[in-house]
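One chain is shown next in structure tokens, namely the form predicted on its own.
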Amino acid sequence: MSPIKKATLLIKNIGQLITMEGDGPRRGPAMRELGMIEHGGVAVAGEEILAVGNSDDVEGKSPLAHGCKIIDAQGAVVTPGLIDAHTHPVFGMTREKEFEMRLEGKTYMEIAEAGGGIRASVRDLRETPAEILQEKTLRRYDRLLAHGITTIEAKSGYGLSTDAEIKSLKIIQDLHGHHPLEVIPTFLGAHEVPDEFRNKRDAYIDLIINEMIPAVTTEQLAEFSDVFCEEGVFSIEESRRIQQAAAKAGLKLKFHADELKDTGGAELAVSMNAISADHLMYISESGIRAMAQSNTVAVLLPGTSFSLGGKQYAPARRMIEAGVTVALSTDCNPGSSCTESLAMIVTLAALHLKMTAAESISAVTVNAAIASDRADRRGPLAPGTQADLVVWAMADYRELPYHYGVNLATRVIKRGKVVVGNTK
């Protein structure tokens, strides 16, 4: 007979407990279903949820372990830990000069053609010692965690050589276990064509396929492969060729798709059974239909449109009404979306994607878990799931998009331990 599990953490007097309980992705009207419990409580045993429900019931029925930590939420909102399904956290230099150039009228592509953009970050990352990159990445992890984000997908893509891509992915690997943030690594060697291959595109694609992917998979440095499938970057056929090699090597697939123009990237992602297609500002109606009939998640990144000063945002309402599984992400990166705040992204989703607060919470919890292939134990708060939670300084969950520009996360719990806000 197994011993009775006892609570090592109890959160009581929760004004609105957002459980997100339920099976499968949230699509269409189901994105507004939060599984909310008023005057809720959560008991945690070790790293997993023991009980959720009415505060008095959970407190009265959950045996407490010696030294159990008790948090009185005092009417605050509690949600699952947020999941950021598209980030680029390993980089050295920031690109605030390019931000100012855009304010002066330069386009993203004009800056890139002048030697800025992704290739500028590549030149810097190659020259920056790994220990300095690791220190800067850790600081970003701290900020992500402080904003209620407990799991991220993290891409390489600023190396664009075998050695530099391995360098980036090893930084992610080496930080595993040394920071509470849970990080899922993605290989993005096909982020851009580096300077030395500008007139040798096919040779660079061959390098990705024949050298980078085997090196990454041999050392087990990534779980996913991503490609920037876009006009002027990697074409549909080039992207297909790269991702076929990645899938054959055992990597799961993601796509940057239809960000600058409709190229059919969403349809390609669906046809290759990708976990997600991301950006999608210019997705076609056929792309929306294809995604609605598939398991591929649309990861929308309104911070990119906002930061670039663009007017084109992903057609989230049409996607949701069609039944596409929609997630949201920061796209944390030095060039087009320099932020570690998913709450700010939720505000942008409200204003520019016309998503409700409930839809956005679905998009940064259960749907983001699916986009990261972590739906087994992340996303909802239910007995047996991983105890990742956030206590927010608000009385109504709709404050999340409404009260912008500040961090309302007061306590962050990862694997049952308070990792942010442990003291008053």
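Just so you know, these numbers come straight off a predicted model, no measurement behind them. Heads up: residue numbers just count along the shown sequence, starting at 1.
The form predicted together with N-(iminomethyl)-L-glutamic acid (NIG) is left out here; the points below concern that form.
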(message) Within 4.5 Å, heavy atoms only, which of N333, Q243, T186, T325 is in contact with N-(iminomethyl)-L-glutamic acid (NIG) in the model of the complex?
(response) N333
(request) Would you kindly say which of K136, R95, K170, H147 lies with a heavy atom within 4.5 Å of N-(iminomethyl)-L-glutamic acid (NIG) in the model of the complex? (result) R95
(request) Would you confirm whether the three residues H88, I118 and T304 all fall within 4.5 Å of N-(iminomethyl)-L-glutamic acid (NIG) in the model of the complex, going by non-hydrogen atoms? (result) yes
(message) With a cut-off of 4.5 Å between heavy atoms, is K254 one of the residues that contacts N-(iminomethyl)-L-glutamic acid (NIG) in the model of the complex?
(response) no
(message) Against N-(iminomethyl)-L-glutamic acid (NIG) in the model of the complex, would Y108 count as a contact residue? Criterion: heavy atoms within 4.5 Å.
(response) yes
(message) Against N-(iminomethyl)-L-glutamic acid (NIG) in the model of the complex, would E259 count as a contact residue? Criterion: heavy atoms within 4.5 Å.
(response) yes
(message) Is it the case that F234, even though its partner is missing from this view, gets within 4.5 Å of N-(iminomethyl)-L-glutamic acid (NIG) in the model of the complex, heavy atoms only?
(response) no
(request) Heavy atoms, 4.5 Å, N-(iminomethyl)-L-glutamic acid (NIG) in the model of the complex: which of 160-168, 325-333, 199-207, 178-186 makes the cut? Say which one. (result) 325-333
